[in-house]
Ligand SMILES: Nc1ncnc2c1ncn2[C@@H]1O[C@H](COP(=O)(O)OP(=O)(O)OP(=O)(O)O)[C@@H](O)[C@H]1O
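One chain comes next, on its own, written as structure tokens: the form predicted alone.
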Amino acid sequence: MESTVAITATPTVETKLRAEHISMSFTRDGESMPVLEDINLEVGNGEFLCLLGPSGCGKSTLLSIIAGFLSPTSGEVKIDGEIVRGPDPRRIFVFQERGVFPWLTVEGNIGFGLFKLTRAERDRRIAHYIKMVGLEGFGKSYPSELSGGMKQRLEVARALAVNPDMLFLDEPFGALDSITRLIMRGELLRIWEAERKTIIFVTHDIDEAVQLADRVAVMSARPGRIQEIVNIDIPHPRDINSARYLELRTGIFNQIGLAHHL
């Protein structure tokens, strides 16, 4: 029997984003290929939501629609009650591929979007985010001189420095080794708890979703639908060996049909 999908934002939290009846199809060789089908979703202000699903299920397409980079075939996305019609500088997208500028230093990358600020305010903000992501001493370094994890921290710092309203992250840690990925999850949580930006984070890693999110929107295989929204009711920092963590993790594995891999 199909489970009922709760699409509302976290209880008592003001709704920040509402996606209503989002469907998306692409045309390939003259044939229409459905990617997303009737997606309905609400995200609360300051919430950390993960979009989770198998590769090719349309989660990155959904994130691009939410961010305004793609227009859906049908349906609409509203942020703060306004229909999303394109990208907005108040909302920053951190892509799966590295997005830092190799010709700029750490300071130059973080300060890239701060040209409207006074020099003093710009320098203060750069220093603040260098410290926040743990890159003190590397302000004059170029990306080629940084490790993969440091580059990813730099990209997050650059995104936060412009004081965005929302952050959209598309599998930002996918190319990192497992140890660096664990470290970056902790860094991102620390930053989120300090800044409380609304974050929508795409991943296909169940542990990553359960470790990070307030709620996990579990998507089906293509055409992507939201099968279930799982409330991760465990405080941070999360004990990955706790009974509740393992229960939630197992429930998601069951939902996407991978219980036999446990």
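As the structure is a prediction and not an experimental result, all values here were calculated from the model. Residue positions are given as counts along the sequence shown, with the first one as 1.
Below, we turn to the form predicted together with the ligand, even though it does not appear here.
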- [ ] Report yes if any heavy atom of residue 61 sits within 4.5 Å of a heavy atom of the ligand in the model of the complex; otherwise report no.
- [x] yes
Task: in the model of the complex, residue 187 touching the ligand (heavy atom, 4.5 Å) - done: no
Open item on the list: Taking the ligand as it sits in the model of the complex, is residue 237 near enough to touch it, meaning that at least one heavy atom pair lies within 4.5 angstroms?
Closed with: no
Open item on the list: in the model of the complex, does residue 197 come within 4.5 Å of the ligand, counting heavy atoms only?
Closed with: no
Open item on the list: Taking 4.5 angstroms as the heavy atom distance cut-off, pick the stretch from 208-216, 49-57, 225-233, 189-197 that is near the ligand in the model of the complex.
Closed with: 49-57
Task: Candidate site 26, 35 and 171: all three near the ligand in the model of the complex by heavy atom within 4.5 Å - done: yes
- [ ] Heavy atoms within 4.5 Å of the ligand in the model of the complex is the criterion; list the residues of 202-216 that meet it.
- [x] 204
